[in-house]
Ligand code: GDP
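A lone chain, given as structure tokens: the form predicted on its own.
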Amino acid sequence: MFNTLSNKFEKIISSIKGKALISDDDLKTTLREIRIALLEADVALNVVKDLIENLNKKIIGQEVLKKIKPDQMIIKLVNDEITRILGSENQELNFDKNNITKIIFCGLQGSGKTTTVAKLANFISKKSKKKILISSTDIYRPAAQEQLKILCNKINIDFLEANLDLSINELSNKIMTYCKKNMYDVLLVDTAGRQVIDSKMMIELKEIKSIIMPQESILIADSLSGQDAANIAKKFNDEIGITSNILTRIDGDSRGGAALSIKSITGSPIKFIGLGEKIDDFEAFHPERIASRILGMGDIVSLVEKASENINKNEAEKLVNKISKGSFDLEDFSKQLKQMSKIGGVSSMLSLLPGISKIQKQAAENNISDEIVQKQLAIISSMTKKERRDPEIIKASRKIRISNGSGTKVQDVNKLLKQFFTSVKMMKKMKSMGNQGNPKDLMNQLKNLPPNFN
């Protein structure tokens, strides 16, 4: 996510880090490089201009050049400005506490709109006990209806199939009648997309909106379309009034132009982002966390949240006890690899750590990837229970059998065992450190760390 932009910002920041004094020329060069980096990332020109002007005013206003560590202040101001143009803070959905919360979705074809409807329903369902209904007013594409029906079955959400012979008005009224009659808490309505924005589309959306009367009118935008996504969002906003945005395929967006432009251009916040094809590849949008990622400072808060959502507390406590007793084996190692996959895999975890470009480079050099993790799980699965519990017995003949059974090479088995024994040694060192090795104490220490501006 935003790798290109992040790499450029890391270079800009490294060029001013550690300087006791920053001259006017240094400042001009830094601002010019930031401007070029943002424009190359396909951020809208007026957004870039606004950001640079604000940075210049704040830097001069705070007399950064006279500070003892002016580089840290500049980095903080850049972080603050990026956070501001992204939307300052996370904004939740507008739920109606007393009546049905109605949400309509709009966007162009190919933006991932239909899948995103199901993703948001799944997100709401996991966070609350609300009774949810999904329906669609897309009378032009039966395949879209079928896709939504399949997704609803997968996530156990009710789906009201549309009668394609009805008009848009009749269908919208039918959806509302059914929703009220069956006492749903939340209604999510997908709408038809087009290859391009046209007057017929906007007329239909206005009709749907007048009947449904939604609390949220959400635009689904493909982040890979860059600045075009922001321009499309503006057109939808001008025509029907957009309350919020969801950016899809943000995991493949190396530039970040859409994310950095859409809030400033439309005035409506980004509330969620789609991070992949799976139904769970979806999360709330936190501007301050995204800004931190862009500047290479990681996002430890999101990493901890993902871990807390996916890691079984009882299993974690058993693991701590095993580590403290020195009885950690390959069964436990396998469980940890599976837990990492649940969090999103190696690539997802690395993207949230500080110094992302350096970490990812090291991971590539050491051949660390999701594919390697799956290979390691296959190797462990090919072992007997006795071998998993006592890896010391795994010698030449056993290694050959395990490699054949897992479809890997003996060298792969050796690498896994070396990694495991190294992990065991580290755990023993943690144990010898007493409380300093306690995972709970370590987490408390992480929470108390200041923002990484050094």
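Residue indices: 1-based, along the sequence shown. If you're wondering where the values come from, they're calculated on a predicted model, not measured in any experiment.
There is another form of the same protein, the form predicted together with this ligand; it is not shown, and what comes next is about it.
Looking at the partner-bound form in the predicted complex, is L108 within 4.5 Å of this ligand by any heavy atom? Close contact exists here: in the predicted complex, L108 approaches this ligand to within 4.5 Å, heavy atoms only.
Indicate whether this ligand has at least one heavy atom within 4.5 Å of a heavy atom of E277 in the predicted complex. Taking the distances in the predicted complex, the answer for E277 is yes, it comes within 4.5 Å of this ligand.
Test of understanding: in the predicted complex, would S225 fall inside 4.5 Å of this ligand by heavy atoms? No, S225 stays farther than 4.5 Å from this ligand in the predicted complex.
Give a yes or no for T248: in the predicted complex, does one of its heavy atoms lie within 4.5 Å of a heavy atom belonging to this ligand? Yes, T248 is a contact residue.
Full three-residue contact with this ligand in the predicted complex, heavy atom 4.5 Å, for T114, K119 and R141: Verified in the predicted complex; spot residues all in contact, yes.
Using a 4.5 Å heavy atom cut-off, which of 234 to 242, 207 to 215, 268 to 276, 154 to 162 contacts this ligand in the predicted complex? Only one stretch qualifies here: 268 to 276.
Contact residue in the predicted complex, chosen from S334, Q91, Q147, T83 - any heavy atom within 4.5 Å of this ligand: Among S334, Q91, Q147, T83, a heavy atom within 4.5 Å of this ligand in the predicted complex occurs only for Q147.
Within 4.5 Å of this ligand in the predicted complex, which residues of 392 to 416 have a heavy atom? Give them in sequence order, or say none. Going through 392 to 416 in order - heavy atoms within 4.5 Å of this ligand in the predicted complex - there are no hits.
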